[in-house]
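Next up is one chain by itself, shown in structure tokens, the form predicted on its own.
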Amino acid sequence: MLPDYYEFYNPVKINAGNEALETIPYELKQMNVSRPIIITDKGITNAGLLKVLIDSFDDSELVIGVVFDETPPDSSLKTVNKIAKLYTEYNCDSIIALGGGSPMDTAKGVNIIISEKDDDLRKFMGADRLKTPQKPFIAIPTTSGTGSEVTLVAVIYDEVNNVKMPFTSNRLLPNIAIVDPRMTLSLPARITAATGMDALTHAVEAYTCLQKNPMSDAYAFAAIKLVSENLLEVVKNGDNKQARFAMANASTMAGIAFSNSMVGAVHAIGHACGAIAHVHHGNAMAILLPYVMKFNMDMLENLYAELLLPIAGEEIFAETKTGEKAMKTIEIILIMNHSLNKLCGMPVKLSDAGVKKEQFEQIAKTAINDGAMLPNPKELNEKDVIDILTEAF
């Protein structure tokens, strides 16, 4: 059933494929900038990926202003302010983020500080608080999960108040997304698994949340199919360039989907697990997804049934009885989680991911107040969250 009204917005130019990285100097020139700051982390540098990026400037007269490769696993206020000072000190005029969700979110936070000319990022927390056009921004993902290269969302950790702060604005969207499979080839199997399940969760929630629309549905449906066909293969064989590229595309498409339809309770609870128990976001998504789907079943059975086709394939979809399709979808996700656990040790329970029962109440209180709860089709209270945590424990 079509919604009476919806909005869909995706202005990000996507350069995808082998040697997509080499288009960066051209794109910077087109934006009339010539001195970018590169924001990444030590893992990216040690994997040799930063060098590949820097080498793409060899035949160009453009100059890299400064490189910051000390981004922590959870983007933080302290890091954002430190990088913003470097941006000004080295006379930079644009931003390149190279990495997973943390460098991407950090870059978005830096862009807010620089563009709004204000060193208190907390002022801009929430939705549509940005009033100033942002600096030219190119995003290069090195994981296939967050979709941050095409999203209007950033999450920055406030270490003083021990909370993850959400930022949502069309102004946070990068100008260019560079989807180059070379950037994900060295990703360890366990991170590949977790980030892949993050992409799947983005797509499933985008397809089922209250703000879904036909455009976001198309991206989400295609993303789920690519994940189901390629994630296990790429965890088994990280050198499979075709599967890596398929997962990179899945992540980007899922990002476009949820940027327009938002996510739901899986992300709300996952954010709280990350803030309080420091669970890796992708692991939290993988663990929580089937249990939140069970909770939402009475309102979303028809949609979950539809998703059996992309997640399991034509044969299983055809042979599964209509009334059993939705539960079969959840069963396939649980099987996928256990297969990933056997392949690389990805945790399948919250207890394996470091969550303690005594943290449940605090996680529940935090999750209920998370903005991602709003588009979830079924309202949750603290007891509901604790019940989901208990089942996933």
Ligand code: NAD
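The first residue of the sequence shown is number 1, and the count goes up from there. The model shown is predicted, which means the values in this text are computed figures rather than measured ones.
Beyond what is shown, the protein has a form predicted together with the ligand; the following relates to that form.
Annotated contacts: E22, S94 and P136 are all free of the ligand in the model of the complex [non-hydrogen atom within 4.5 angstroms]. Interface membership of I276, defined by any non-hydrogen atom within 4.5 Å of the ligand in the model of the complex, is ruled out. For A326, no non-hydrogen atom is located within 4.5 Å of the ligand in the model of the complex, even though that partner is not displayed. Of the heavy atoms in M262, none are within 4.5 Å of the ligand in the model of the complex. Taking the partner from the other structure, the ligand in the model of the complex has no heavy atom within 4.5 Å of any heavy atom of G65. When you look in the model of the complex, the only residue of M197, L187, L226, L307 with a non-hydrogen atom within 4.5 Å of the ligand is L187.
Of the residues S216, T201, S148, N111, just one reaches the ligand in the model of the complex with a heavy atom at 4.5 Å or closer; this is S148. Residue heavy atoms within 4.5 Å of the ligand in the model of the complex occur in exactly one stretch of 150-158, 127-135, 233-241, 297-305, and that stretch is 150-158. Applying a 4.5 Å heavy atom cutoff to the ligand in the model of the complex picks out D41, G43, I44, A47, L49 from 39-59, in order along the sequence.
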